[in-house]
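The chain below stands alone and is given as structure tokens, in the form predicted on its own.
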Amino acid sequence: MIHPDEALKIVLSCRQRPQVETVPLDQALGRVLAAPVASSMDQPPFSKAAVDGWAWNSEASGLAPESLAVRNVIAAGESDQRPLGAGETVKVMTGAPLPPGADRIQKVECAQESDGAVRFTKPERIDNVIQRGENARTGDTIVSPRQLDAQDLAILAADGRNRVDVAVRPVVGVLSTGAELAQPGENLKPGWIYDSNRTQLAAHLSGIAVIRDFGTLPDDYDATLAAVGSALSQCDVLVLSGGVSMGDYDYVPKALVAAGVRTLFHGVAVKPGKPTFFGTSAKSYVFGLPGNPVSVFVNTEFLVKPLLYGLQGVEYRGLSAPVTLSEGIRRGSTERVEFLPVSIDADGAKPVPYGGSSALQALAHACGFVRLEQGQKEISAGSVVHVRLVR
């Protein structure tokens, strides 16, 4: 067995320069930006009013003029390029460009207009102006390579872009093994269970990959070898669940090797997920995950997703937060690194009742996972722990 940090290092060593494609901006949500994007203009492209109010030239008229003559009104979307002289003001609406010479704005609630003139009733501490280029200058990086969220798309749209270069998403094949597996909606036979792993893998990875479902296999070597060979020719990454341990019917590692997959590791000192397999073929990467569904979830989060992001040119760390532990955590064996599910409420984080890697229902109550290191037996209540958030 290797340490999970060493396993992750091996996985990340497979990162490569991504292929790039251009997509419409409205199709870019969740895609990985291929390269930094520089601003094509100053943002904002002109100095503008931050409030509804009265703009004036403080150098020509002074910082506290007694009264100013109202020249005109400028609404958002309009423009007046006549310089603003001494003793005059223009009324501006929020977002309106300032006329040349205007450098301050008095809010409407701090002024009084009468007979074509305005008098300021309360001093303003700030100028209430958003200066040209205050948010970004031409050539500044406005979005760095990362998975694009709504705010990133808004920034790109504000720069006038309707298309964006993104990394080509890897094609990921998902395949479950197990003679006991039925499909959701079917009637269960005695001793059978429903296959949840393909469902969770497809959902877990759908935002960052193109998913191909290769179905469910019985515990049969010839069938496994044939399915693996076919899947490897059709995808960039193949993720199998089940059949990777040392049981009489665990044919996956043998079939993978026979299909030309080079083993990079098989066995990780982690709980859950000890039998995890990772290897490479001529054109694909392969994960063999244990069949228990919590093992699939944990190892997808900590090993599979980092590879998929790495193949698109960015690093995946996930979200974590320091949280005070409201209930202590204690475990028996300490020979492996362990990820334990925890919930978070107003009192802090506490362990979720958890019967092991088959206890999928525990994930309904888990906000994240706490990592216990090798040799670490307990974490006392009141300790600050870093929770890897998953919801």
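The shown structure was predicted, so the numbers you read here are calculated from the model rather than taken from an experiment. Note that residue numbering follows the sequence shown and begins at 1.
As for the form predicted together with a small molecule, it is not shown, yet the points below apply to it.
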Inset, instruction - Specify the contacting stretch among 313-321, 206-214, 254-262, 289-297, defined as having any heavy atom within 4.5 Å of the small molecule in the model of the complex. - result: 289-297
Inset, instruction - Please run the contact check for residue 194 against the small molecule in the model of the complex: heavy atoms, 4.5 angstroms, yes or no? - result: yes
Inset, instruction - Using a 4.5 Å heavy atom cut-off, state whether residue 173 contacts the small molecule in the model of the complex. - result: no
Inset, instruction - Please check if residue 273 has a heavy atom lying within 4.5 Å of any heavy atom of the small molecule in the model of the complex. - result: no
Inset, instruction - Report whether the minimum heavy atom distance between residue 177 and the small molecule in the model of the complex is within 4.5 Å. - result: yes
Inset, instruction - Using heavy atoms only and a 4.5 Å cut-off, determine which of 80, 250, 236, 88 is in contact with the small molecule in the model of the complex. - result: 250
Legend entry - Candidate from 232, 181, 74, 308 lying within 4.5 Å of the small molecule in the model of the complex - any heavy atom: 181
